[in-house]
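Let's start with one chain on its own, the form predicted on its own, as structure tokens.
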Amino acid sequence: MPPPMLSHEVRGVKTRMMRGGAGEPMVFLHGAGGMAPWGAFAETLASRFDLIMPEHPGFGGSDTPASIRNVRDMALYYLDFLDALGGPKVHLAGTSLGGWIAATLAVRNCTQLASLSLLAPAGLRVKGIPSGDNFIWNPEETARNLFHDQTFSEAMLAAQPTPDEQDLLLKNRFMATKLGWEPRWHDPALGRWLHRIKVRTLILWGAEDKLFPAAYAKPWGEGIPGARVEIIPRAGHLLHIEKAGDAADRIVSFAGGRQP
């Protein structure tokens, strides 16, 4: 059962978040589709950690401040978010857009981080290896291309959102476009500064990712000192959904929650 939705305010910006579990704090940053569901992935992380899943400003029921215009602004917002949490260092994880935000935060300041786990992050462009373009995919192409196991795609296509849910999805798409449209899903300067990430880092990627091909994992692993790169077979882009148990177990093991 998911925990109740909470309200959290940082420097006048109100956002929603879910929080559950106990132990060392872990913050998970969602991707462009919006707040991740509290499912098997979250339950596994919450079995070991005090799991905090915020909804980014500009998404869903969270405020949309004019001050957040790009991923760099979002990363600085999350530094304030971590300050406001207080307490010990956090294990930071993020998927896709959330991974890009997490990496951008870590480039700027790692002092509040105990570990970093990035699941197929956006943020880099690899010459000669084109990424997918979900801004031009139609709904069926999006569903088909985000998963390797097409049963997940079929479930996504069969979902019938309510009018209120459709409004939130439109809001999410608008903010995702604001953050990732130009240049498409990357920051040309980010790769030059990955060496500044001075915290244990895990890079997870689906072998069959059609949005950001698995070959993108290599420059992340090479750019972040000592980073561990793991490729999950028979998996597409949304690892926290398609490979929820496997991805969560790898993060928990890496972050020190359980031995492999």
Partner chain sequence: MKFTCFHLMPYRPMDMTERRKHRAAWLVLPNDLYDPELGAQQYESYLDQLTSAEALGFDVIGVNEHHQTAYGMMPAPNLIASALIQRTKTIKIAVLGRALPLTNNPMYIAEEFAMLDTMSRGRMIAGFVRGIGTEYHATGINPAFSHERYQEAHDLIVAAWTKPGPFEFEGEHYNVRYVNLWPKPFQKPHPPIWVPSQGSSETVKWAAAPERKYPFLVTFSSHELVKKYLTAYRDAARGYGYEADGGQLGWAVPVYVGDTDEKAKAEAGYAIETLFNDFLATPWEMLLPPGYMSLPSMQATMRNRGALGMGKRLTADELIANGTAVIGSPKTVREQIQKMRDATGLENLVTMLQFGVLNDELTKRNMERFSAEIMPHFR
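Residue numbers count along the first chain shown, from 1. Note that the structure is a prediction, hence the values are computed from the model and not measured.
Below, we refer to the form predicted together with the partner chain, which is not included among the displayed structures.
Engineer: Which single stretch, out of 87-95, 149-157, 181-189, 106-114, brings residue heavy atoms within 4.5 Å of the partner chain in the model of the complex?
Structural biologist: Among the candidates, contact is made by 181-189.
Engineer: With the partner chain left out of view, choose which of Arg125, Arg144, Arg72, Lys171 has a non-hydrogen atom within 4.5 angstroms of it in the model of the complex.
Structural biologist: For this set of options, the contacting one is Lys171.
Engineer: Evaluate Asp167 for contact with the partner chain in the model of the complex, applying a 4.5 angstroms cut-off between non-hydrogen atoms, and reply yes or no.
Structural biologist: Yes, Asp167 lies within 4.5 Å of the partner chain in the model of the complex.
Engineer: Taking heavy atoms only, is Pro139 within 4.5 angstroms of the partner chain in the model of the complex?
Structural biologist: Heavy-atom contact with the partner chain at 4.5 Å: present for Pro139.
Engineer: Does the 4.5 Å heavy atom contact test between Pro163 and the partner chain in the model of the complex come out positive?
Structural biologist: Taking the distances in the model of the complex, the answer for Pro163 is yes, it comes within 4.5 Å of the partner chain.
Engineer: Where, within 208-232, is there a heavy atom within 4.5 Å of the partner chain in the model of the complex? Residue list please.
Structural biologist: Nothing in this stretch is in contact.
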